[in-house]
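Coming up is one lone chain in structure tokens, specifically the form predicted alone.
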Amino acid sequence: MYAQAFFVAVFGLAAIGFGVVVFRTSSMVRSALALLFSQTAVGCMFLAMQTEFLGVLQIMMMATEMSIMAIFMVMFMMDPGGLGGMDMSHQKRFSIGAGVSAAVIAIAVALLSDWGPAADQVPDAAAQTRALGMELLGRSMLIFETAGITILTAMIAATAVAIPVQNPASKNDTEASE
């Protein structure tokens, strides 16, 4: 129990630390990687809490999402490496005040709320994974399938827009005129 709490705390602090790095760096690519590490730490927290399915799902989703985001940033941004001196934070005083206020409210809710009694019996990991799978593949399947097809279509469309159109006939005409 103590080892589990230790690892949850370590991964929680890592998630917060990398979350801070997201806003402290001047590079969009480094920000994306810091966000990836932060979300991976959240996935590791799930693993430490013995919710293996959610932990692996979190890590896989964030790795894919951040990889795609970094690729598009490198393709379309003027300065993805951050060599031009970019400031990632805006309205600093308001942002700090909002962040501190939100943290105080979240801590107050966590400490002062009546969470009720702990569960008497918890199903094992296999039963939890099966119940979650039935939920995802039951009434929510159409939503997830629609979201997956929409994301795939957007990725194909973005790739098609990014690739320049080449006309083979004009290429042959250029070679013949030389």
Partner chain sequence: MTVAVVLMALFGSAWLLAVIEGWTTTGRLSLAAPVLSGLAHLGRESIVPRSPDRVFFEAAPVLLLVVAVLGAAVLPLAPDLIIADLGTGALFINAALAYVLVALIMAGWGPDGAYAMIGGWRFLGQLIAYSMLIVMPITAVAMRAESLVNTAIVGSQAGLWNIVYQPLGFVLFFIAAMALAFRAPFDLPIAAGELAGGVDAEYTGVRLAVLRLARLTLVVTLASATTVFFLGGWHGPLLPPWAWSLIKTLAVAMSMLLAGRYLPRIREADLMRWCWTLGIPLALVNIIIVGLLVLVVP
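Definition used throughout: the rigid core is the maximal C-alpha set that superposes within 1.5 Å between two forms. Keep in mind it's a predicted model, so treat the numbers as computed, not measured. Residue numbers count along the first chain shown, from 1.
Unshown form predicted together with its partner chain; subsequent notes refer to it.
Are any of the heavy atoms in residue 145 no more than 4.5 Å from a heavy atom of its partner chain in the predicted bound form?
Because no heavy atom of residue 145 falls inside 4.5 Å of its partner chain in the predicted bound form, the answer is no.
Would residue 56 count as a contact of its partner chain in the predicted bound form, using a 4.5 angstroms cut-off between non-hydrogen atoms?
The answer is yes: residue 56 has a heavy atom within 4.5 Å of its partner chain.
Though only this chain appears here, would residue 153 touch its partner chain in the predicted bound form if you measure heavy atom gaps against 4.5 Å?
No, residue 153 sits far enough from its partner chain in the predicted bound form that none of its heavy atoms falls within 4.5 Å.
Wondering, does residue 36 line up within 4.5 Å of its partner chain in the predicted bound form on heavy atoms?
Yes - in the predicted bound form, heavy atoms of residue 36 and its partner chain come within 4.5 Å of each other.
Only one of 134, 149, 141, 63 gets a heavy atom within 4.5 Å of its partner chain in the predicted bound form. Which one?
Contact check passes for 63.
Does anything in 24 to 55 come within 4.5 Å of its partner chain in the predicted bound form by heavy atoms, and if so which residues, in order?
Read in sequence order, the residues that approach its partner chain (within 4.5 Å, in the predicted bound form) are 27, 29, 30, 33, 36, 37, 40, 52, 53.
Core-aligned, does residue 124 move its Cα 2 Å or more between the shown form and the other one?
Shift of 2 Å or more: yes.
Does residue 60 move appreciably between the shown form and the other one, meaning a CA displacement of 2 Å or more on the superposed rigid core?
Comparing the forms between the shown form and the other one, which are aligned on their rigid core, residue 60 does not shift its C-alpha by 2 Å or more.
Examine residue 156 after superposing the rigid core and state whether its CA is displaced by 2 Å or more between the shown form and the other one.
The answer is yes; the displacement is at least 2 Å.
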